[in-house]
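Next up: a single chain in structure tokens, the form predicted alone.
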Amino acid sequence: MSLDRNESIEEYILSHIDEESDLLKQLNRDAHVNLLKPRMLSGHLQGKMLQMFCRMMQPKYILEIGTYTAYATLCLAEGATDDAEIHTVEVNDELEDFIMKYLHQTKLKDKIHLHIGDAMEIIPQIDRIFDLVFIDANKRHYIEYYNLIFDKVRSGGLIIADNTLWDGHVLEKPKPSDKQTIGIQLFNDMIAKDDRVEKVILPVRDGLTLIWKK
């Protein structure tokens, strides 16, 4: 399928799903104007998918590794029940003001607990067994994140990993210096062989892997 046709298909999809909330539209614009890598933002389609997973699963405890702008965080919160508890971890403390700017504007903020720091240090301190985990952080460390959270996910829980097709670079032989591509390839290979879970990769945006814990 050509690039133009792909873009047309995406435009068609976006015109036939629920719209972004006004707050998410504002956040999206703000990120594209003021942040260095706005493409990292989850975006409308993926955000609606995360929201729908929460609608279907009704998770009580949710963990997000990699808050960035909190776009995906807000989508998870929109789909979750009123008594849900969302823990989101962001390593870049320079994003805290941006994140809090939008969390303060939403009635969903009481569901959301923002942790600033290293996920490898913070997650062991969160005394919860999670129903849903969304991994969207440093691609070099996906395997470490997965191993860290696996025992903190209930049987029947869902782990979602973002960027698992990595702009198609997973099909290439990366340079030794390309640690992010190598990290994603190793993660995908490990998940494919892990018989403790069922898994499927969705070719949405940059690849979204759904991992269901048996």
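We number the residues from 1 along the sequence you see. None of these values were measured; they are calculated from a predicted model.
Heads up, the form predicted in complex with a small molecule isn't pictured, but that's what we're talking about next.
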{"item": "Whether Q51, F53 and L103 all lie within 4.5 angstroms of the small molecule in the predicted complex by heavy atom", "value": "no"}
{"item": "Interface stretch in the predicted complex with the small molecule - options 149 to 157, 53 to 61, 173 to 181, 33 to 41, non-hydrogen atom within 4.5 Å", "value": "33 to 41"}
{"item": "Contact flag, Y145 vs the small molecule in the predicted complex, heavy atom cut 4.5 Å", "value": "yes"}
{"item": "4.5 Å heavy atom contact, A137 and the small molecule in the predicted complex", "value": "yes"}
{"item": "E90 within 4.5 Å of the small molecule in the predicted complex, heavy atoms", "value": "yes"}
{"item": "The small molecule contact in the predicted complex: F187, any heavy atom under 4.5 Å", "value": "no"}
{"item": "Contacting member of A84, L95, L114, I126, with respect to the small molecule in the predicted complex [4.5 Å, heavy atom]", "value": "L95"}
